[in-house]
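Below, in structure tokens: the form predicted alone, a single chain.
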Amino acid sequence: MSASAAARLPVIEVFGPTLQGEGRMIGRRTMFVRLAGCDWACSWCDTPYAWRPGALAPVERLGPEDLLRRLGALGPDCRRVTLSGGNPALHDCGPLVGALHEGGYLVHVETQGSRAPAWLGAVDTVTVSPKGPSSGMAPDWPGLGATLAVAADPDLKVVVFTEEDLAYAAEVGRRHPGVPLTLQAGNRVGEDDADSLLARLRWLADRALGLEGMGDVRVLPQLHVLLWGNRRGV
């Protein structure tokens, strides 16, 4: 396989500019590159079209030059790019990260913390989002630790639906006290609307305010869902 072919990535969608809706970078203008494939299967995943058989959206194989052209055409004045999925850590994004930096972009990555490729250390920021019990996935403490060890300027984000998720988030914070932690009110696509999301956010805020060890935690919604609903391209 040629170097050019090896650098091509399975892309589900490229969109923006939009506002980052989650984690420490919430509210920042960004472009998005969403990659196909995931090594987990969370019960409440809000992007099943990026990985689930039968729901997988069309995939384009694009190299760094292709993506730079696409990003420049969509948002010529937006110089931040978020790599998301699925799980972008499944792929060798090193050549893309290098090309984005050469093109004047800041690069942010979103991953669940199950894989720790070396290129995560070359980006600008990484949001690591381990999944709690409501996801149906078992905790991967070694994977999370390895990802945080290699990731550039990491922060943690735990999606919370239940008391069990909240207890899991507290354990994540206890194990990694030096990493900024965000609690995000969960969102079930096809079930939740703005009223139910705000009610869950209020419950989470009340619980987090009274929970020991949560002194420096952030409590946030999915901003883009409150603004534009559960749809692609935002």
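Start at 1 and count along the sequence shown; that's the residue number. Treat the numbers as computed from the prediction; the structure is a model and nothing was measured.
Beyond the structure shown, there is the form predicted in complex with another copy of the chain, which is absent from this document and is the topic of what follows.
- Of the candidate stretches 64-72, 167-175, 42-50, 204-212, only 204-212 has residues whose heavy atoms lie within 4.5 Å of another copy of the chain in the model of the complex.
- Proximity to another copy of the chain in the model of the complex, defined as a heavy atom within 4.5 Å, singles out one entry of H91, K157, R115, R80, which is R80.
- Although the partner is absent from the chain shown here, none of R8, A99 and H108 has a heavy atom within 4.5 Å of another copy of the chain in the model of the complex.
- At a distance threshold of 4.5 angstroms between non-hydrogen atoms, V14 is out of contact with another copy of the chain in the model of the complex.
- In the model of the complex, another copy of the chain sits within 4.5 Å of a heavy atom belonging to I26.
- Proximity of L198 to another copy of the chain in the model of the complex: non-hydrogen atoms within 4.5 Å are present.
- Remark: L56 does not count among the residues lining another copy of the chain in the model of the complex, judged by a heavy atom distance of 4.5 Å or less.
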